[in-house]
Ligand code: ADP
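Next up is one chain by itself, shown in structure tokens, the form predicted on its own.
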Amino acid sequence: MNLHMNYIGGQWVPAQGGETFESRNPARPSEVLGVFQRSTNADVDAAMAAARAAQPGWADTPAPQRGLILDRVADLLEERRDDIARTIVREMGKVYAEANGFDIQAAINTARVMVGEGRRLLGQTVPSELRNKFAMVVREPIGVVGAITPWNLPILLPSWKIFPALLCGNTVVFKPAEDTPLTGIKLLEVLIDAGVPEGVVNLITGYGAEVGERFVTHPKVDMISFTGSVPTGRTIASLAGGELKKVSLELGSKNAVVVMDDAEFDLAIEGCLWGGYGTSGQRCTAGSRVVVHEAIYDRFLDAFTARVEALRLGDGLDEGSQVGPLVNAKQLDRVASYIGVGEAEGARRITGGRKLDHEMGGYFFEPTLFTNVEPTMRIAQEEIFGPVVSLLKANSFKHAIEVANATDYGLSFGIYTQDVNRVFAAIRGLHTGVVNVNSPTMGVEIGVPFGGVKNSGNGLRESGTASIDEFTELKSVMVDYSGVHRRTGVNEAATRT
């Protein structure tokens, strides 16, 4: 049995409580991938102390040199992508093509972007209101960043947090999700082998319910970056707010795709299929609501149903698999419970809706499609986080936008149309952080910010150069080289003798 340790201060060490837990393959639950440390508050203390001790030296390292280490990180991710992709598939269940072509590639792209930012870290120069005075704004690291990441994108989301945090001169304590600790360790090994100094990145594994409060409120952590559920995000915001710590929250959503009557039909079908059922629907950007114009609703329903029913479930390492298992038994039960919820509210289940007695015993759930869904129904309001899509009908463009906006979330919405006027009206009218035109809701390019509005986040943005704002503090600097005392803001002429 492979026993894995925490990584604290440059050393692989066991948890101080002596307890461990297992990570299993959701496609084959009998397959144990490894045994991991069940960390306690004492381990949090040790990791935070190591990060705090290493931070001044790391901050003094020139940013271009920090960037060069991330360049090596990108190279190593490229070299090891097959091994890491297979680990992702075996640990959380998504299909290999997605793990390799999306998760890992996005992490590589993130590292490459951060390499360039090491030559920039742009501040600002501002014209002074006085003669012989220079005003500028420079960036400084925040300090120690606590990164808490989910299991569904176990390489991409840590890279969005850890890479820019390091580039900006911060040190990191990283807690991967308890469902994907091995993938987290694979990423940490890349960082170590790329030359990240001891103590600059530290990793503890374990359960958030057991170490989360200490992690968030620890006096040596300056910022918490969290991706996960809304209830957990609220708790973190409350705990960290009491300590006046900076908090970045990327939370859930109930994304909608609007399909207008002039949409390129086959493109919309393909996009909604991927948006709704990719990663088995286990993404905050999943397109779990599809709002279809009434003029093409019946045609869309027939074509979409046929494609959903043709999806092939199986182990993500099998070449023919298109949809993998859910991550664990708890998630399987949660998704299954929403079938009864939808039917009790009057929605019509067109296909799917059952747990599968798969030959491997995995946590497989049939891709499911509901119609006759009203915007106020729970299945149209609550994040199910599974392969369940609801079709809603709209009688006009205005009505479609209203339906799309009718939730407490606003992360990634989309529209399929060939009308440029509708495109720009949708860009303005959709209350969301990301708008996708004629493409699925899942994902953004690395060069643009990612994050949501309403219950989908607290306003900060990850990805691209926006992450530099997330992981730095601004310092205003004023250099007076006049040689005389002056009161800034007072007309200089009035101070002359």
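From 1 onward, residues are counted along the sequence shown. Remember, predicted model here, so these are calculated numbers, not experimental data.
FYI, the form predicted in complex with the named molecule isn't displayed, but the following is about it.
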Checklist entry - Can you pick the stretch from 119 to 127, 206 to 214, 184 to 192, 417 to 425 whose heavy atoms fall within 4.5 Å of the named molecule in the predicted complex? => result 206 to 214
Checklist entry - Considering V258, L166, A85, I236, which brings a non-hydrogen atom within 4.5 Å of the named molecule in the predicted complex? => result I236
Next on the checklist: I need to confirm a contact call. Of T279, T149, T110, N170, which residue comes within 4.5 Å of the named molecule in the predicted complex, counting heavy atoms only?
Outcome noted: T149
Next on the checklist: Taking any heavy atom pair closer than or equal to 4.5 Å as contact, tell me whether E178 reaches the named molecule in the predicted complex.
Outcome noted: yes
Checklist entry - Is Y409 close to the named molecule in the predicted complex, meaning a heavy atom pair under 4.5 Å apart or at it? => result no
Checklist entry - According to a 4.5 angstroms non-hydrogen atom cut-off, is N100 in contact with the named molecule in the predicted complex? => result no
Checklist entry - Taking heavy atoms and a 4.5 Å cut-off, does N395 contact the named molecule in the predicted complex? => result no
Item to check | Any residue of 217 to 245 that, in the predicted complex, places a heavy atom within 4.5 Å of the named molecule | outcome: F226, T227, G228, S229, T232, T235, I236
